[in-house]
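Just one chain is shown here, as structure tokens, and it is the form predicted alone.
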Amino acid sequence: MKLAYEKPVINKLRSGLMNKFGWSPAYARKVRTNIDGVSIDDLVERYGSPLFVYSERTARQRYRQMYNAFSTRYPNVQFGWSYKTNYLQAVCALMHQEGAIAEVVSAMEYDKARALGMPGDQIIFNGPHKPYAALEKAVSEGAVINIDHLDEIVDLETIAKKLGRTVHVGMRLNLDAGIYPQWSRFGFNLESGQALDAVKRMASGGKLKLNGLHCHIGTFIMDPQAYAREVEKMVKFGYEIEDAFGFGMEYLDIGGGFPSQSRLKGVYLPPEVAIPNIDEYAETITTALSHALKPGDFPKLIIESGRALIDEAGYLVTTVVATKRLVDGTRAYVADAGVNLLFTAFWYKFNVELDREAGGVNETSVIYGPLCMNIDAIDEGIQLPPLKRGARLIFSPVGAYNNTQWLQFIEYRPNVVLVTTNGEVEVIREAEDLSDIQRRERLPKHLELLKKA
């Protein structure tokens, strides 16, 4: 068979030193033939490509590791699974089975948690938009509600009056923990006095009882000391509230934001070097708690982790559908999955593994997705050996946010499977077809096309 002619290209070889992308050329030579003992070939043959694959074993191990890091250092710990991170039913159920309650930030997520079987008193209701009907439902079902703004105070007072009882609530704070830009959009600012004014408003109304504080300082926080500053300020404010108004703080909800082993774009060091391990976060947070709390006080420490629990459990198997050279000579590959499925590619540089050994010299390459958009690039500076059409690339970690932020745009969304702890494979979300996309559309009669005879 005669090979297709390809114009020669001269590329500078990089023999193992870090380049501006923070990668070693050998990095993409890693080979992954299976996920938890199930071969990539078998997975693609049975469920197609692209394909999201979750490891139940990894998710459970990660949860237990993180929970043990905190619970062995502090006697009153509760995890709240962050639904917005990944609200596939199987993932949520797995986290609840491990002991996490539900942390939701919308009426939709609240409904998902209830439909999954979580009772209202096992749900934390956060977020800036809590419709009145959803708030009323959450109050009647005993959910933990963390107030985000003054309008919610008004709504909750109306509900309390309607029910003829005092309603227990929490309050979200935003504060300076040394992380910039500061997340000041959510909750009430502590340093400006806004939070104290909100407490005065609740106290004067007489219908709400504040019994907890919530704060979420950001996402992918790589400085454990930021959490120490957060905790110290929350505890101090809690005691001020108790002294002034008699509101005792039954829980301190420090949010989430713990990093996974993802690699942020622009960070040269590998995650295992740049990111502290979870024990360092747990030690820093619980030490700050022990110093700030009065002797004998052990309010519930709520942690709303998402990314750090599920990211490493997720993989995306893709297939190279085309190869080409760009005008500047750069090698480019087109994969059957792009930013429609890996929305976090805009911020993170994934691990990329091959499903088999590939010979040849590595060269800087671009991996594009299948979308008819120039921004659909999963990786714009990866060292890859020459790959043929049909080669498979496995991206990880992709378990956080990609299955909640993915887009039904141009392409169908694929199967999602779970490799169970006993090595079986379960479909946890079926691939879409045209009926999924069109079933809520309505075609006016006068726009119907004539049917073919």
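All values reported here derive from a predicted model rather than from experimental measurement. When you see a residue number, it is the position in the sequence shown, counting from 1.
Below: the form predicted in complex with a small molecule, not depicted.
Original post:
Want to guess which of 189-197, 328-336, 158-166, 215-223 is within 4.5 Å of the small molecule in the model of the complex, heavy atoms only?
Top reply: Stretch with heavy atoms near the partner: 215-223.
**OP:** Answer for Phe237 alone: is it within 4.5 Å of the small molecule in the model of the complex, judged on heavy atom distances?
**Re:** Result no; Phe237 lies far from the small molecule in the model of the complex.
Original post:
Does the small molecule come within 4.5 Å of any heavy atom of Arg172 in the model of the complex?
Top reply: Yes, Arg172 sits close enough to the small molecule in the model of the complex that at least one of its heavy atoms falls within 4.5 Å.
Original post:
Within a 4.5 Å heavy atom cut-off, is Thr85 in contact with the small molecule in the model of the complex?
Top reply: The answer is yes: Thr85 has a heavy atom within 4.5 Å of the small molecule.
**OP:** Answer with yes or no whether Asn126 is in contact with the small molecule in the model of the complex, where contact means some heavy atom within 4.5 Å.
**Re:** Although the small molecule is absent here, Asn126 would touch it in the model of the complex, with heavy atoms inside 4.5 Å.
**OP:** Taking 4.5 Å between heavy atoms as the contact cutoff, choose which of Tyr74, Trp183, Phe350, Phe343 touches the small molecule in the model of the complex.
**Re:** So the residue touching the small molecule in the model of the complex, by this definition, is Trp183.
**OP:** Identify which of Tyr368, Phe79, Phe258, Tyr110 has a heavy atom within 4.5 Å of the small molecule in the model of the complex; exactly one of them does.
**Re:** For this set of options, the contacting one is Phe258.
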